[in-house]
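Quick setup: one chain, the form predicted alone, written in structure tokens, and binding and motion questions come after.
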Amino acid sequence: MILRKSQLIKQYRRFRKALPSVTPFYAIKANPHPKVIKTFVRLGSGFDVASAVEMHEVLRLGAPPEKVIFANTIKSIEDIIAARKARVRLMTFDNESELYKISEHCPGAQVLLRIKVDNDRSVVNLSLKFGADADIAFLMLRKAKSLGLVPVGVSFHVGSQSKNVENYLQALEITSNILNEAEENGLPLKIVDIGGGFPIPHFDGEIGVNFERMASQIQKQIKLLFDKKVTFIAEPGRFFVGPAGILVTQVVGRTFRNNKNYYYLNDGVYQDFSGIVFDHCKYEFKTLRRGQKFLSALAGPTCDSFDTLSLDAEIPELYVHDTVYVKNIGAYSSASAVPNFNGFHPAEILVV
């Protein structure tokens, strides 16, 4: 797995240029490699963490506590205590039970209410498991204040790999209404977290992915609906690290089955193609060998038939030791790989 620092920097700068009013907090679950985190620390990024382990890692690598958001709406008591000790004060919630835990174990914490919003046409729907209904948002924020917490804003997530900008625009309109209601009732809010989900292409010439166009519409909606005093943050993960990754694999076996060539690679869904399972991701398989292309199947090295990568890859005829590589695979790949299933290790990571 090759991770290119130049691409990390390029994606960070693209984001800042396209959304100048939004401060990024890199979601390290996408790829927590220390050199990736260090690169974003140097660039001045904030960080979105989902556990105390992730929190301690970004702090260890140089992120200041005030640039960390504990953006998991369900946190263990132990992790809340860890946040208090580490002086990470900004965190999300979406239910009353969480407020009682936070108020007891991290009194005075700054909290953002995560609301449920439309995830239409997103590859991964993240409103199935998280988010409070918008119509009770003010009541939840008022409850937070009554428990001695500091309600500072609202967060939402339109789903992973979202190509539908309407999800963001509608979520911003809902959020604006919540901020207005809170202001009218003496509870001014100052932060809006627009989450992540910003899409990247996985195939050359992929249609429907234009980040700059999407960002332009989001930026206009922000200027239209919100006071200039409101601070905006986001939680890009895939957008920052996905394009930086190139996975290089090798053919370790071949056969002819079901009227097509089957090729077995030394990496599979239990290793660095884990995004096929956990991220519902499809990749474009490329080869160094040239020539006429045939409909072929690709599979991983384990003894599990589930370890199948593609049944319809258009590639030239390959032989043992040939190379198959995939671009745009820096996110949700090595990060969710199983350490040693069947004795097969994930790829070595080279940061260049």
Ligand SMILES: Cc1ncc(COP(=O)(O)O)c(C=O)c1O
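Start at 1 with the first residue shown and count on from there. Fair warning: this is a prediction, and the values are worked out from it, not measured in the lab.
Separately, the form predicted in complex with the named molecule exists; it is not shown, and the next lines address it.
Q: Among 51 to 59, 284 to 292, 22 to 30, 35 to 43, which stretch has residues whose heavy atoms lie within 4.5 Å of the named molecule in the predicted bound form?
A: Flagged stretch: 22 to 30.
Q: Only one of Thr249, Ser274, Thr175, Ser160 comes within 4.5 Å of the named molecule in the predicted bound form by heavy atoms, so just point that one out.
A: Here the answer is residue option Ser160.
Q: Quick check on this chain: which one of Gly237, Gly131, Gly245, Gly153 has a heavy atom within 4.5 Å of the named molecule in the predicted bound form?
A: Contact with the named molecule in the predicted bound form is made by Gly237 alone.
Q: Within a 4.5 Å heavy atom cut-off, is Gly197 in contact with the named molecule in the predicted bound form?
A: Contact with the named molecule, yes.
Q: Any chance Ala71 has a heavy atom within 4.5 Å of the named molecule in the predicted bound form?
A: Yes, Ala71 is a contact residue.
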